[in-house]
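The chain below stands alone and is given as structure tokens, in the form predicted on its own.
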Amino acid sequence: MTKQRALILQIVRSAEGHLTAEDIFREAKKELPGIALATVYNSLNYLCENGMIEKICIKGQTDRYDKMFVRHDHRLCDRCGAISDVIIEGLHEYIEKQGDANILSYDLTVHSLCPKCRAAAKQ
């Protein structure tokens, strides 16, 4: 693995949240000042294709990247756009039981208001 890909993987895996390519680019430039944005995008594509990270695509949002340690879905705050992880135990098995097909993959985004936006809405 190239040093650029290794750095990008490390950035995504050590992140507290779900970073955009631009976020990752800014972090990577601290370590490798000459890195190009195209290199970041190419590396992210490679890491996703090889199952090392996950790309989160939500309509109307900038794509974000996730470290993907365990199977999980995402909660999107419809007010501020914050994305957080949500684990719904048994969902995969439940969906499989509803039909004849073996699930290859699925993406679930739960739309809600985050705690900060709920508190602001109450005021």
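Rigid core here is just the name for the largest C-alpha set that superposes within 1.5 Å across the two forms. One rule holds for the numbers: they count along the sequence shown, beginning at 1. This is a predicted model, so every value here is computed, not measured.
Keep in mind that the form predicted in complex with another copy of the chain is missing from the display, and what follows is about it.
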**OP:** Report yes if any heavy atom of Leu113 sits within 4.5 Å of a heavy atom of another copy of the chain in the predicted complex; otherwise report no.
**Re:** yes
Original post:
Does Tyr94 reach another copy of the chain in the predicted complex, with heavy atoms at most 4.5 Å apart?
Top reply: yes
Subject >> 4.5 Å heavy atom contact, Glu22 and another copy of the chain in the predicted complex >> reply: no
**OP:** Consider Gln10 of the chain shown here, and say whether it contacts another copy of the chain in the predicted complex, taking contact as heavy atoms within 4.5 Å.
**Re:** no
Original post:
Which residue, Lys67, Arg75, Arg26, His72, has a heavy atom that falls within 4.5 Å of another copy of the chain in the predicted complex?
Top reply: Arg75
Subject >> Heavy atom distance at most 4.5 Å to another copy of the chain in the predicted complex, all of Lys3, Asn42 and Asn50 >> reply: no
**OP:** Heavy atoms within 4.5 Å of another copy of the chain in the predicted complex is the criterion; list the residues of 58 to 94 that meet it.
**Re:** Lys59, Arg75, Asp78, Val86, Ile87, Ile88, Glu89, Gly90, Leu91, Tyr94
Original post:
Relative to the superposed rigid core, does the CA atom of Gly17 travel 2 Å or more between this form and the one not shown?
Top reply: no
